[in-house]
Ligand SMILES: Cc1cc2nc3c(=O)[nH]c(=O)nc-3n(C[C@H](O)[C@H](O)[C@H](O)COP(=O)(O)OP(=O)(O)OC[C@H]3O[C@@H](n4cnc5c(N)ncnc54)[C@H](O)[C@@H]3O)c2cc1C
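To begin, one chain is listed below as structure tokens, in the form predicted alone.
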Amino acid sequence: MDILVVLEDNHGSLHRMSREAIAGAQQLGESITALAIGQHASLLADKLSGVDLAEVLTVSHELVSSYNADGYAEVVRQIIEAESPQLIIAGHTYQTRDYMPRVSAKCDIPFIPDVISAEDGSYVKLVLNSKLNATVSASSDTVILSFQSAAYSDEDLVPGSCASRPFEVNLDTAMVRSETEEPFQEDAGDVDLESAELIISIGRGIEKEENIPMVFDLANALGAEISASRPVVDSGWMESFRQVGSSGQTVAPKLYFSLGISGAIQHVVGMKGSKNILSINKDPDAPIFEISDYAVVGDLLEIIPKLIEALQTEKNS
């Protein structure tokens, strides 16, 4: 099966979910081509030089030097027309959700988003607020998929080698009318939970808004991003773009540090792909402990200040 994986540029680096998409593609087909678009296309291709791929196509054109939905959709359409892949795969990022439906409409190819597993033409995705799985198939010979974060692990990438090939596209200003502010993300600011390697997440155990600054102090000491469960966001204590869970973001950091989060399924579906999970909770029966690699039963309001002090002491020694 010929598969095209559309890559995403994350400030000059390859987006983590693009690496996961390649890992998933390697389990589904034998001939995998990656597509890099934009001013960093050659750099992204270089980062895949040690991965087992047929080749990496690079598209460098002034109208898609940075992301815009019209340009990316037209580039992918032209690649599909020229290369005829049976599967087109991307990570299920905000960017993918923006332009891939346009590709689907342009090419008359079904788009199945937010897939968590795929096998023999059947695709599993979460439905009903992540309470159930649904198995979906398509009658079309060609399908577009987006893989949910952590559906596959970039640690499973098959090593090998690949060459890059420039691909000439035909673009003009009549085709590219949309503009997207940089960087493309849900909210202004520098928070990028999807790419973060270390996340500290706040739950109701923080008790009140006045206690949140100490978590930011801990994040500064560790070089971590901050996220939150839905109750914390609903209380107005944290911004909505920091929410993790079925109604928020899906993350898969190297370490997910859970503070006072009970572990309801609506939250767990957004972070269960984390490589390591460290949880602090006063309740020894908290469901979060069932998926945690490290569990600390205790009062986070007592533990966090001591942890910050220990980290600062170590840094100054």
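Because the structure is a prediction, the values reported are computed rather than measured. Rigid core here is just the name for the largest C-alpha set that superposes within 1.5 Å across the two forms. Numbering starts at 1 and runs along the sequence shown.
From this point on, the text means the form predicted together with this ligand, which you will not see here.
Worksheet entry | One stretch from 141-149, 212-220, 91-99, 155-163 that, in the predicted complex, holds residues within 4.5 Å of this ligand by heavy atom | Answer to the contact question: 91-99.
Worksheet item: Pick from A54, V51, A286, L28: which has a non-hydrogen atom within 4.5 Å of this ligand in the predicted complex?
Response: Of the listed residues, the single hit is A286.
Practice prompt. Identify, from the list A264, I291, V64, L278, the residue with a heavy atom within 4.5 Å of this ligand in the predicted complex.
Written response: Exactly one listed residue reaches within 4.5 Å, namely A264.
Worksheet item: Is R230 close to this ligand in the predicted complex, meaning a heavy atom pair under 4.5 Å apart or at it?
Response: Judged by the heavy-atom cut-off of 4.5 Å, R230 is in contact with this ligand in the predicted complex.
Worksheet item: Would S246 sit within 4.5 Å of this ligand in the predicted complex, counting heavy atoms only?
Response: Judged by the heavy-atom cut-off of 4.5 Å, S246 is in contact with this ligand in the predicted complex.
Fill in: Any non-hydrogen atom of A23 within 4.5 angstroms of this ligand in the predicted complex
Answer no; every heavy atom of A23 is more than 4.5 Å from this ligand in the predicted complex.
Worksheet item: Looking in the predicted complex, any heavy atom of G260 within 4.5 Å of this ligand?
Response: Residue-level check for G260: yes, a contact with this ligand.
Item to complete: Could you list which residues of 198-231 come within 4.5 Å of this ligand in the predicted complex, counting heavy atoms only?
Response: The stretch 198-231, when checked against this ligand in the predicted complex, contributes G203, R204, G205, E207, S229, R230, P231 at the 4.5 Å heavy-atom cut-off.
Worksheet entry | P85 C-alpha moves between this form and the one not shown by 2 Å or more, core aligned | P85: C-alpha displaced by less than 2 Å between this form and the one not shown.
Fill in: Core superposition between this form and the one not shown, C-alpha change of S140 at least 2 Å
The answer is no, as the C-alpha of S140 shifts between this form and the one not shown by less than 2 Å after core alignment.
Item to complete: Answer yes if the Cα of E119 shifts by 2 angstroms or more between this form and the one not shown on a rigid-core superposition, and no otherwise.
Response: Where the cores coincide, E119 shows only a C-alpha shift between this form and the one not shown that is less than 2 Å.
Fill in: Closer or farther in the predicted complex, the Cα atoms of I112 and M271, when the shift from this form is 3 Å or more
The answer is farther, because the C-alphas of I112 and M271 separate from each other in the predicted complex by 3 Å or more.
Worksheet item: Would one find the Cα atoms of I265 and Y152 closer or farther in the predicted complex than in this form, where their distance changes by 3 Å or more?
Response: Compared with the form shown here, the C-alpha atoms of I265 and Y152 sit closer together in the predicted complex, by 3 Å or more.
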